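Presented below, as structure tokens, is a lone chain in the form predicted on its own.
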């Protein structure tokens, strides 16, 4: 039997539910409380769901457990500008996670948080990193530079809502860049509201909702159904949304 290197991150679960306070954050989030065992796709696993459903909370906890800074960046990035509340919110769950990994370590890695990417770029600039060019670009351009020039392949990439500031054409360019990295033995776990990215063939889509976690198809996602309905019936939907009644 030949063992495959991917997925580098195979599955995650809570170590023991007996020590969890279901009334305390973040265990009072249904998807977190009902985590069970979540297995990852060897190429791309998407986290989808409403705001506050626990997608970013779990992704950030996985990142911290894997050795990344809670603010993002590579594993070598060691800085903190987060408030004490924000920093502490992830630690109870990251310490409770049991993560199964491949026998082979990824050669590269990055944790992207859209909300703190500016801080990561500032840190890179402060230490004289050649990656400090991000402040000289728009948010969307910086993210594409990250994908095409910083990510080296054979890596584990954790992305939290990477679609921020990307135009539709840039979203397509990002999708192509992610595919090239997948072809180069990379694994992605992505929390997103991005219908274009969710269309990636064969990816695993995990929905976070009040009933916990469940795997769904692209066509079952709210992102697909709502976007398709609006584009096909935009005049009617606008009339319904903007009516005085």
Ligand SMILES: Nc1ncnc2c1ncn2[C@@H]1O[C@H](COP(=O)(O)OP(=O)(O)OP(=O)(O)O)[C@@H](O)[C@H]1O
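Positions refer to the first chain, counted from 1. Because the structure is predicted, anything quoted here is derived from the model rather than measured.
The discussion below concerns the form predicted together with the named molecule, not included here.
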TODO: Spot the stretch among 214 to 222, 25 to 33, 179 to 187, 66 to 74 with residues whose non-hydrogen atoms come within 4.5 Å of the named molecule in the predicted complex.
DONE: 25 to 33
TODO: State yes or no: in the predicted complex, is some non-hydrogen atom of residue 51 no more than 4.5 angstroms from a non-hydrogen atom of the named molecule?
DONE: yes
Open item on the list: Taking the named molecule as it sits in the predicted complex, is residue 204 near enough to touch it, meaning that at least one heavy atom pair lies within 4.5 angstroms?
Closed with: no
- [ ] Classify residue 161 as contacting or not contacting the named molecule in the predicted complex by the rule of any non-hydrogen atom within 4.5 angstroms, answering yes or no.
- [x] yes
Open item on the list: I'd like to know whether residue 39 contacts the named molecule in the predicted complex, with contact meaning heavy atoms within 4.5 angstroms.
Closed with: no
Open item on the list: Only counting heavy atoms and a 4.5 Å limit, does any residue of 53 to 67 reach the named molecule in the predicted complex, and if so which ones?
Closed with: 53, 54, 55, 56, 57
